[in-house]
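Single chain ahead, written as structure tokens, the form predicted alone.
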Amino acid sequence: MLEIEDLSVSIGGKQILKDVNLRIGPGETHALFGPNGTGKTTLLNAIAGIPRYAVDSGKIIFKGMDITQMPMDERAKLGIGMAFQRPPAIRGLRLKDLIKIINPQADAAAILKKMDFDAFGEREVNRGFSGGEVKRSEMVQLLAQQPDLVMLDEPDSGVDLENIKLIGGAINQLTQKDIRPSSRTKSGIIITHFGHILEYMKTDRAHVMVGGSIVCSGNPSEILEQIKKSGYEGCVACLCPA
């Protein structure tokens, strides 16, 4: 589904990512851990194609196609979707209308109901929303899009327990965790700082990013336990191959 090959990325002339390699197969969901400022969000934004993230070297391959220089809108049409950590509010655009813009065939009422968001369909996108409501708004938009690759930037940040359960359930649906593994075709990558969301969604593999590079990869629960035990310094020191 996704192959990152020796990817180096800069913002404003400052290099953030350094020779990142990552492979996510069809039906796989990966978690990405790491301290603040280490490049996790930069990686997702580079995959999404946000213009200010300049690829210095390397390749981004999606469904066998080199999308390294492809515009953001074309990547979205190919099936890349992203929930941002701090999405903007959009004045004058109702959430239910945005759902129809994303996907004219989407059942807006059913999507809003699934996220317990019926009362927000008539409201302007993210305007006056709490932190948890913004996260649910992002999930509503992804459920409308139904991307082949779902990318989520800290969906559990600043979210209460009730919202985390809703968001985790939506992520499981988007990544087809409700069907048998051999039938899954959609993939996901999720940034999480504390790992709370992993209690409510299923992940297949985890990676630790430090200093702009992936330094460790392995079983999500084992990686998270190692982080809790010895911090990210312990992950750098461990012998688990990247």
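Fair warning: this is a prediction, and the values are worked out from it, not measured in the lab. Position 1 is the first residue in the sequence shown; the rest follow in order.
Below, we refer to the form predicted in complex with a small molecule, which is not included among the displayed structures.
Which one of these stretches, 41-49, 181-189, 195-203, 58-66, sits within 4.5 Å of the small molecule in the model of the complex when only heavy atoms are counted?
Looking at the other structure, the answer is 41-49.
Indicate whether Ile11 is a 4.5 Å heavy atom neighbour of the small molecule in the model of the complex.
Because a heavy atom of Ile11 falls inside 4.5 Å of the small molecule in the model of the complex, the answer is yes.
Is Pro26 close enough to touch the small molecule in the model of the complex, meaning at least one heavy atom pair within 4.5 Å?
No.
Residue-level contact is defined here as any heavy atom of the residue lying within 4.5 Å of the small molecule in the model of the complex; does Ile223 satisfy this criterion?
Heavy-atom contact with the small molecule at 4.5 Å: absent for Ile223.
Check Leu22 for me: does it contact the small molecule in the model of the complex (non-hydrogen atoms, 4.5 angstroms)?
So Leu22 does not count as contacting the small molecule.
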